[in-house]
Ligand code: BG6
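Just one chain is shown here, as structure tokens, and it is the form predicted alone.
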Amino acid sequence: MLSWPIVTTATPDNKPVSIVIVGASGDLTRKKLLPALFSLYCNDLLPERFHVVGFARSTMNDGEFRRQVADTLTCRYEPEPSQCDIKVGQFLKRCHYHSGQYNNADDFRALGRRLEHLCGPRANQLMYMAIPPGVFLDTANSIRRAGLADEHDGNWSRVVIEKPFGRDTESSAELTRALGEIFTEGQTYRIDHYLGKEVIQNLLVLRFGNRIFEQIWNRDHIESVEIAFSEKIGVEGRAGYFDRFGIIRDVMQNHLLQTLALVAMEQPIELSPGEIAEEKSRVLRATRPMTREETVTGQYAGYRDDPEVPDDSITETYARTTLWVNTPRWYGVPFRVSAGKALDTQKTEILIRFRSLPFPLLGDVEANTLRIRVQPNEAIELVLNNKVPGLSLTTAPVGLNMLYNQQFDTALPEAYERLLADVLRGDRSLFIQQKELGAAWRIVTPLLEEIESERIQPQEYAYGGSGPR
């Protein structure tokens, strides 16, 4: 049986837990959250006594909800297909549905009574907010008035928040302030699923677990850093949401700046959530804001043909920028960050390009590179110059390639599986803390405001091409 050894126990206290998914009728719940919880269940990483309760405005009973859930569950960790139906059946018995309005505290009080009936009065509670940004505060206030945010008798109550965390520095700060009146910072888990990806987590081990890299991980030896995200698909099916945010807010401000922070941060004193967040926020605070002169934005041809997109939309589906981290380690090293949709490749990767040799003893050899591929086909490749076999002293770059699926005889966990397991354990290491959130918005907000106030037009590029010039 393939397994992934994240933890060996479900929750530290093993008390019963109620897992509430607010917005349970949406795609995120069906495609990501419930399959992730089912995988945790198959690996015995949920408490012995747990129940999953979906809450949404749609009218639905438990049976209808379970039929929807069943269509999304896979047993990729089970050794025998005959056991899959048994596991699915056992899991579905723990799944329930409760209909209500997000802005109605009475509906949440009724939800609270049902949770008490299912799990008892002394159960821990995880509440996942899988809802649109526009109804978030109303929902949170209803939860507060219903008393579902309170912690008492040694039981915890935790809330998971999906991005976007605002649209700019001001709205993010307002959202943080309002939520702080309902949930403490210790109760709040701001989720960025990229931080749950195996290769992203490995950045800490790669950097601080290998002496060879720590000695050269600086401006003296590194010429540039590239962080690239590209998708072949456009915004099909979510154009209405995407057009309100754009690729800078949707990908660059969170996924890619978090990746940059892990690449550039100093070694934390210890691997605790507070210390990791402190070092990441220091890097982000030291990063100069994006500028118009060093940024290119693009929009793929046909984007405005979508009925949910205005004819005069200036929303970018592609952005490429150069960022500068003003610390002694990185001063003068360009961090080239790009993100785009409807491109010719599907990948997320980090490319560390080392400086060329100071003395060309062997002629024009290429600079060494370290390529960290986040997806697809997770891998780490170090490119070195090597002699070509033969009588002459000819060199060629050769990649020393470590492929995860070949090196490790284990199934890599999905990001949501790992992150949900961490929420249940109370581990906030992979979740965005308040200080680093504000620092990341400071980097992108000035340019976003300039684009919107001056209505700067993005360059058009071909669907399936390489992006704008």
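Here the structure is a predicted model, which means the values were calculated and not measured. Start at 1 and count along the sequence shown; that's the residue number.
Separately, the form predicted in complex with the ligand exists; it is not shown, and the next lines address it.
- Comment: the ligand is not present in this chain, but in the model of the complex one of 282, 193, 320, 219 has a heavy atom within 4.5 Å of it, namely 193.
- For the options 189, 229, 91, 300, the one in contact with the ligand in the model of the complex, meaning a heavy atom within 4.5 Å, is 229.
- Shown here without its partner, the chain carries 163, 238 and 241, all of which come within 4.5 Å of the ligand in the model of the complex through at least one heavy atom.
- Partner contacts here mean any heavy atom within 4.5 Å of the ligand in the model of the complex, and among 354 to 362, 194 to 202, 112 to 120, 389 to 397 they occur only in 194 to 202.
- The shortest heavy atom separation between residue 378 and the ligand in the model of the complex exceeds 4.5 Å.
- Contact annotation: residue 341 falls within 4.5 Å of the ligand in the model of the complex, judged by heavy atom distances.
- Using a 4.5 angstroms limit between non-hydrogen atoms, residue 255 touches the ligand in the model of the complex.
- Taking the ligand as it sits in the model of the complex, the stretch 119 to 146 never comes within 4.5 angstroms of it through any non-hydrogen atom.
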